[in-house]
Structure formats: C-alpha cells, structure tokens
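Presented as structure tokens, the chain that follows is alone, the form predicted on its own.
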C-alpha cells in the first residue's frame, strides 16, 4: 500500500530548503510526496539576492479544493514547516482537520518554525495560532529549544526543565515531541549540542507508556539552510518505520543529518579553497550525493534513554 504525504512548504529553484529538502529523501525511502509550495523563490533568502512569489491562503485553498474535488484527499501524513502568514497557517489547520476527517489515522508532522537563539523571525501573531490551533492537531512536533519555550511559556535551563516542557507539549496534543537543538550542556563538552525527545505509545493492554531520550550531537561550524526541513522529513520517515521506538527513529534521523552535513562541509571547503569561507551556494546540502546514506544510514549518534 502506498504511503502518501502532503507536504506544504517553501520551494526554491536552486538549492535545498522546504519541499526541496523534504521531497527527495522521502521519495528515496518509498513515500509518495504531493507538494504544495508555500513560496516559490529563486533560492533561499541567505543569498545576496532572491526573487519569487508567495502563495496566499486563498490560493492554498484553491489548490486543496482541486485535490478534494477529484477525491484525492486521502493522505497518511501531512508535513509543514516555515510560514510567515497567520491566514495561511489557519488554512493549513483547516486542511489538517479535513484530512483527519477523511483518514482518522493521518499523522501530522509539524515543525513550528518561529525563531532561534532567543529571537523570533516570524510575526509574533503566529505564536497564538501555533499554541491554540496548530499544536493541538499535530501528532509529531520538532521545535528547537526557543520554540519549545515559546509554546509552553517555560524557560529551559536544565534537562529536567526540558522534560517538563515536553510533557506540557504532550498535554497540548502531540504524542511525539523532539526538541531538535538546545543550549543545554553536553557531558561530552561544548563541541556537542543536546537534542531531546519524548514519545507516548499505547501498549496492547491499552495502557500508555512514555519513552524519553537524549542525544549528544557533534556541532559543525557552518551555517546550513534546509537542515530543519530535512530533520522533520526524516523523523516522519523513521517514525513510520519504527512506530513505537523513538530511540531508533531519532538515531536514524540524526545519523542521516550527520552524513549529509559532513558531505556538504567537506565539499564546500574543497570548492572554496584554503582559508576561504564557503558561500551560500557552496553550502547547499549535498542531497543527491547522500542518497545511499538516506536509504540506509550508518548510525553515528546513539540516543540515551532517560
């Protein structure tokens, strides 16, 4: 049986971000991916210039309406990332609710992209929409530490704070929460960043159990774009293959990330030359070249059960 994903994300002509970051890896892992492009830009906005168009909430509705009229609106997964517009985000929620009406077992994977390092880079009006409408209909969410703090209203300074924040996020709706990066100190030193995850599963007898994990991930000294979109897509794929094992799903997700990033930075430094900072074009993710690692990642980072 085909497993079909509706992915509503950005599109770039050149490079890897949004749908360009998510589609190929999901297809390689056997998923059918239907993409709605929330923006169509020449390239990501980290370059000196970019041009393009932005899809409005009405235009999103028109596209979905075409899918619905042809009775093609049966999906197993829905995936969303960066959005700047309140009405667009509200339309996404309407679509999720309708798709869940058609298929109650649909899994909605949401990366609640709002900011990082203590600063929001989307309008503040999006926060209440995420809190009150999006997160309650999501099944899997992938906030960074700052986004988890925004959604819960709790400061995260310790691992205990992070676990409490994940529990609060569970109470809001999602059964799977992964804090993709944090400022927490790693026991391995400052060359590592800490990610944490929590998953509620229902056992055969109907009782619920919670699996919590921590991962210490090697840092890379470069700015990549599209890695968050790749992370959410890979978490979708690997939780599908390991539905009740967050540890295995996160190990494979993070290992894919590590392979892609390592290949990208090696290439970028080679092309840039000695003592030169690689350009945004040189730092585009080496996605096609990483096909083998996406399909069958050698595990580079092991998760610890909390």
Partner chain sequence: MLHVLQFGAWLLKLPSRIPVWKQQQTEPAACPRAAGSRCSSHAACADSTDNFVRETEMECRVLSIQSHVVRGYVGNKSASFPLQVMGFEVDSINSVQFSNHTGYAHWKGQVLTADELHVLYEGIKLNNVNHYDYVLTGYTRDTSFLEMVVDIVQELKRANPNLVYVCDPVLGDHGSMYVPQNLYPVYKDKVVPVADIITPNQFEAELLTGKNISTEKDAVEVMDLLHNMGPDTVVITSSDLPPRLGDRFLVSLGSQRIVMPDGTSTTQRIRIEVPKVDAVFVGTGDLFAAMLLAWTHHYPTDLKTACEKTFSVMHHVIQRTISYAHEMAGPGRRPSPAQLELRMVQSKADIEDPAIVMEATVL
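For clarity, every value in this text was computed on a predicted model and none was experimentally measured. Positions refer to the first chain, counted from 1.
Just so it is clear, the following notes concern the form predicted together with its partner chain, a form of the same protein that is not shown.
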Problem - Full three-residue contact with its partner chain in the predicted complex, heavy atom 4.5 Å, for 33, 41 and 286 - result: yes
Problem - Exercise: residue 202 in contact with its partner chain in the predicted complex, heavy atom 4.5 Å - result: no
Practice task
Would you check, heavy atoms only and a 4.5 Å threshold, whether residue 243 touches its partner chain in the predicted complex?
Solution key: no
Handout entry: residue 268, heavy atom within 4.5 angstroms of its partner chain in the predicted complex
Key = no
Handout entry: residue 281 within 4.5 Å of its partner chain in the predicted complex, heavy atoms
Key = yes
Completion exercise
Here the chain appears without its partner; judged in the predicted complex, the stretch of 222-230, 158-166, 68-76, 115-123 with heavy atoms within 4.5 Å of its partner chain is 68-76
Handout entry: Contacts with its partner chain in the predicted complex, stretch 215-234 (heavy atom within 4.5 Å)
Key = 216, 218
